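First comes one chain, alone, set out as structure tokens in the form predicted alone.
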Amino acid sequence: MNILIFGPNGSGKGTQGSLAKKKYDLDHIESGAIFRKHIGGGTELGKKAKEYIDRGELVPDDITIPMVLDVLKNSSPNGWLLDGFPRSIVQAQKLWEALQADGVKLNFVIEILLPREVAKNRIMGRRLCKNDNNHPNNIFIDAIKPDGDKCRVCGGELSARADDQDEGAIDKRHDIYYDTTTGTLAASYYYKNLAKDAGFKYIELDGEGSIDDIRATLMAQLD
């Protein structure tokens, strides 16, 4: 079982992706981890990628895509959940061409839909519990709104991550994601248009629903 998942920062993509991963016992392949694996292993691709990363530049597709494909080929026999890639229409096209050339079947593409302003508020509203970072607290989500400045689960002290309060950084990430011409949404729509004829299922989830509602919808469609 092989799955691509799309969703903006703040959409709950990690939470819902983990459900699909557990259902089929898949390898969770995340783009940042791919770079770290190759760089840490000292591969030729890793060395080339590091040169760009050290200069603060984007790693070119002709390096990134072979790295991704290498990890996919060596993933669990059960399959993979690919998260964080592709991020552009060009990457989407090249990935699809590579999967076709290698005879790799894509089973599902998941897109979590969420308005940009809602996604931004969710990021800025996240709060971390001093006792357990996995305790869900968000000042903009009624279902998990904290008790004042205390954790809703255990009453522990809460704090906000500095990068969650950096509006400029959030806007920059979302500029890439919500770009329907060349960016990540363009990549997602590319697969949406392919789905019917290409033999995989495209699943759209309402990211504004509750975690339980989204989970139920996703589990009903993963068959």
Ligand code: AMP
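We number the residues from 1 along the sequence you see. Just so you know, these numbers come straight off a predicted model, no measurement behind them. Rigid core here is just the name for the largest C-alpha set that superposes within 1.5 Å across the two forms.
We do not show the form predicted together with the ligand, though everything after this point is about it.
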Q. With the partner left out here, if you bring back the ligand in the predicted complex, are L113, N138 and S210 all within 4.5 Å of it by some heavy atom?
A. no
Q. Is there a heavy atom of G125 lying 4.5 Å or less from a heavy atom of the ligand in the predicted complex?
A. no
Q) Looking in the predicted complex, any heavy atom of F35 within 4.5 Å of the ligand? A) yes
Q) Does E157 reach the ligand in the predicted complex if we count a contact as any heavy atom within 4.5 Å? A) no
Q. Hey, in the predicted complex, is R87 touching the ligand, heavy atoms inside 4.5 Å?
A. yes
Q. Heavy atom within 4.5 Å of the ligand in the predicted complex: which of E57, E167, E44, D197?
A. E57
Q. Where does the ligand sit in the predicted complex: which of 78-86, 93-101, 113-121, 142-150, heavy atoms within 4.5 Å?
A. 78-86
Q. Which residues, if any, of 173-210 lie within 4.5 Å of the ligand in the predicted complex when only heavy atoms count?
A. R173
Q. Under a superposition restricted to the rigid core, does L128 display a Cα displacement of 2 angstroms or more between this form and the one not shown?
A. yes
Q.
After a rigid core superposition, would you say the CA of Y52 moves by 2 angstroms or more between this form and the one not shown, or not?
A. yes
**Q.** Rigid core superposition, D62 Cα moves 2 angstroms or more between this form and the one not shown
**A.** yes
(Q) Having a change of 3 Å or more in the C-alpha distance between Q100 and G46, I'd like to know whether it is closer or farther in the predicted complex than in the form here. (A) farther
Q.
Between the shown chain and the other structure, the Cα gap of P8 to R36 differs by 3 Å or more. Is it closer or farther in the predicted complex?
A. closer
